[in-house]
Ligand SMILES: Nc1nc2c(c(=O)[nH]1)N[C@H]1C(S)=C(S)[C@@H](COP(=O)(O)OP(=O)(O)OC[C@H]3O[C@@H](n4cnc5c(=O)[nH]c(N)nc54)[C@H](O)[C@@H]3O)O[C@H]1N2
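Have a look below at one chain only, the form predicted on its own, in C-alpha cells format.
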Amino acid sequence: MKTNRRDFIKISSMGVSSTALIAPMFNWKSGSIETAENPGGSYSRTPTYCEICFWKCAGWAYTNEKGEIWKLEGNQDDPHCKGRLCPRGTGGVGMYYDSDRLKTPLIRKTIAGKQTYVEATWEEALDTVAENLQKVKEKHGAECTALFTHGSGGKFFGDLLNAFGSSNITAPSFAQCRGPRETAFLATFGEIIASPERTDIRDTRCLVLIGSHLGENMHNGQVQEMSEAIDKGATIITVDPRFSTAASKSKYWLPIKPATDLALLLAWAHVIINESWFDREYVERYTYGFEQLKDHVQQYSPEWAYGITTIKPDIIRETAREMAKASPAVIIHPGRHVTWYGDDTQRLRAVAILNALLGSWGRRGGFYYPDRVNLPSYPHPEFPEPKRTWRDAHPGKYNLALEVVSNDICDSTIPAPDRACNFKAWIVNGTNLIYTLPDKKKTLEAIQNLEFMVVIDTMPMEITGYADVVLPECTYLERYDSCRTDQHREASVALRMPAAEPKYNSKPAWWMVKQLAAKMGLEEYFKWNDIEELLSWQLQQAGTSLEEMKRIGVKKFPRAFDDMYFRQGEDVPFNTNTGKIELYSTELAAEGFDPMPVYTAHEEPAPGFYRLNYGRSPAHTFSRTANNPNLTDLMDENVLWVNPKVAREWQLKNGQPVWLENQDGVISEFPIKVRITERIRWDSVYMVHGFGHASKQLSRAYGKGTSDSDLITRVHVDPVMGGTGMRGNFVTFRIEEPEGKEVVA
C-alpha cells in the first residue's frame, strides 16, 4: 500500500476556549448597546469593508464598551452598496465569533510514526516557513514557489513572493470563474469587464441574464440596480434551465437545454443582423469584421437553434426584438462564473458581439467606462526578474490568458517527463483548494508532490489538513488591510481598520509578511514599520489621510473628465489590433483559434443520468461561509432540485436523502435531500455549491448536504485561456446507503 508523504491531519480545537456570542439589543433613541451585562452601554464604530465576497462593500462595525463587535451596517457613501449590506455582509460578525476558528500556529510533526499537528509559537512557525522556502529556492529556484490567494491578504503575500523572485501568483477566480469573459471582451473591445462589473444596470431598458443568477449570487450593487431598472419598466430576459430568482422577475424565462447557450446567442445574432435591428451607425463607425460576421451567422437560424436549445423560433425572434427596441440601453450580461463547457471564451465572445451589434458598449444603460483611484506602492527596490514563469511549464499554451492559470499551476506540480518546470512549494492564502480547484483527485496528487506547503486561513478548511504549517489569520473585522480602490462610476477609497483586537493567537497577513521578510533577508522591500505608516503614506499621495478615512470610511473622487459614455459622433480608439471593436477577432485568429464563435455540440447524459448544475445562495459565499454561525441559521445545508417527472421514475419523495454517483463512478461523501420542483428541467438536477464539508472541525458544516466539487471529475479545459469547464458532469441516484458512507444527524 502506498504511503502518503503528506497525510490529512484533523485539526483539533487547540488553543484558547471560545468566547460566547452575546445577543445585544440596540437603543436607537440613546444610540447605545444594551445587554444583560451592559445595560445602558454606549457603542463606537469603525470603518471596514466586507470580506465575505469579492464585492467588498464598505460599512461600519459597531462595538460595545468591552470591545465586542455587535453589528455591521453599510456605509451610505459607498458606491458599491449605497449603505445596504446583503445577508452575507450583515452576517459577517459570525465569522468573528465562530468558535471553530483557527486559534494558534500549527506545525506538522511525525510522532511515534504518526503525522500530527503540534501547537507552535509564531516565531517557530514563521522560522519553519522561511527555512523551507529558502531550501526550495536554493535547490530548485524561487520560481518553483507559487501563491494561491483569494483574499485581501494576498496583496502582501504577493509582494513577498515577488521579492523572493517568483511571479507565480494566482487567484482561482480567474481560471475557475471569470477568465473566459475577460479574455473574450479584451479580444473584442480591447478592455476587460473587471470587478465590480461595469454594467449600467440602473439605466438599462433590457437586461439579458444567460446563466447569471442575480439575486442568488448576491452581487449587492447589481441586485439593487436591477430592482431600480425593474421599477422603471426594464425588460428582463432570463436564460436558464432552472426557474431562478431572476427568472421570477423576468418578462421572459427561456428554460434552455443545458450546454446549448452558444446556439441561442448565435441565433440572436442571426436575427438581429438579418432583420437590420443592429445599431447601423455604431457598427459602421466602431466595428471591424461585420461582413464576415454577417456571412458567418447565416447558418445559425432560429429554426436551427430550436432543434438544439428547445427554445421556439418565435421566442428567439421576439426576445431579439426586445433587445433591439431597448438599444443601446441593453445589456447581455457577461456573467461571473462562466467556466462551463470548455468553449467558454467563444461563448463569451458571442455575448460581446451581441452587445457590440446593439451598440451598448460605452453607452448609457449598457456598459460604462469606470474610474478608480490608483494608490502608489510604498517605495521599494525593483523586484528581481524571475528566471522562469508558470508559462515555461507548458510553452505556447494559454498565450491569451491574462492572469496565472491556477489549474495549470496544479498540473505543473505533478512531475512529468516532458515538463521542464515543476512547482515544489505552495503558499495558500484564504482559498480552500480542495473545493476551489476542479478534479479533487488531481489536486491531492499535486499536494503529495510538494516539498512544502503553508496555509494561511481563518478556518480549519479541508486544505489546512494537508499543510506543513498552518498560520491562523485574524478575520477582516480584526485587522487593517490595503485600502479598497475597486472601479465604479466614480473613483473611491475605502478603509478597513480593526474593530476589535484579534481573537486567540491569530494575526493579520501584513504582520506575517513583515516578519517573514525579516527572516528571509527581504526587509528592503517592506520598509514601512507597520501598516498604519504604509496606509498613511499612500493616502497622502491620493489627497486624503488615514485620520480622515478613519472618520468617514469612504472617500469619493469626482471624475476628471466626462468620459463615462461615448459622446455622439465621437471617434473612439479601441485597444485591439485594428483599433476597432473586433467582431472578427484578429488576435484569436493569430493564435489559431476561430475568429468568430462556432457552435459545437457537447456530450449528453447516459440513460438514467442527469446533468449536474450548481449555483449560489444569497446566504453563502462558495464554501467559505458554510460554518458561519449567523449564516447557517439562514441556510445550513443544500438540497437537490429534481423535476417531478424524474422523481416519479425513481419514486423519490420530498426530503428523501439520496447519494449521487457521477459518470466516473464517484459517489458523494454524504447524502442530499431531494426537493421535487417544476423549476428545473427534467434532464438536469441542481444544488447550491459549498456544502458537504468533510472536515469535522467545521462543527456546523460537517456532513451537511453534498459537495458538488467531489462529483466534478470531468473537466473541459478552455484551449484559449485555460479555464476549467465544470458542467460536463452527470449524476444518477443511489437510494440505499453505499458502503463506507455515513449519514450525519
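All of these numbers come straight from a predicted model, not from anything done at the bench. Counting begins at 1, following the sequence as shown.
Keep in mind the form predicted in complex with the named molecule is missing from the figure; the text below concerns it.
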Evaluate M218 for contact with the named molecule in the predicted bound form, applying a 4.5 angstroms cut-off between non-hydrogen atoms, and reply yes or no. yes
With a 4.5 Å heavy atom cut-off, would you call F670 a contact of the named molecule in the predicted bound form? no
Within 4.5 Å, heavy atoms only: does Y341 come near the named molecule in the predicted bound form? yes
At 4.5 Å between heavy atoms, is I712 in contact with the named molecule in the predicted bound form? yes
Just one of T436, T413, T287, T319 has a heavy atom within 4.5 angstroms of the named molecule in the predicted bound form, so which one? T436
Quick check on this chain: which one of T199, N638, N613, N407 has a heavy atom within 4.5 Å of the named molecule in the predicted bound form? N613
Stretch in contact, per heavy atom within 4.5 angstroms of the named molecule in the predicted bound form, of 459 to 467, 650 to 658, 359 to 367, 551 to 559: 459 to 467
From first to last in sequence, which residues of 699 to 736 have any non-hydrogen atom within 4.5 angstroms of the named molecule in the predicted bound form? D708, S709, I712, M726, R727
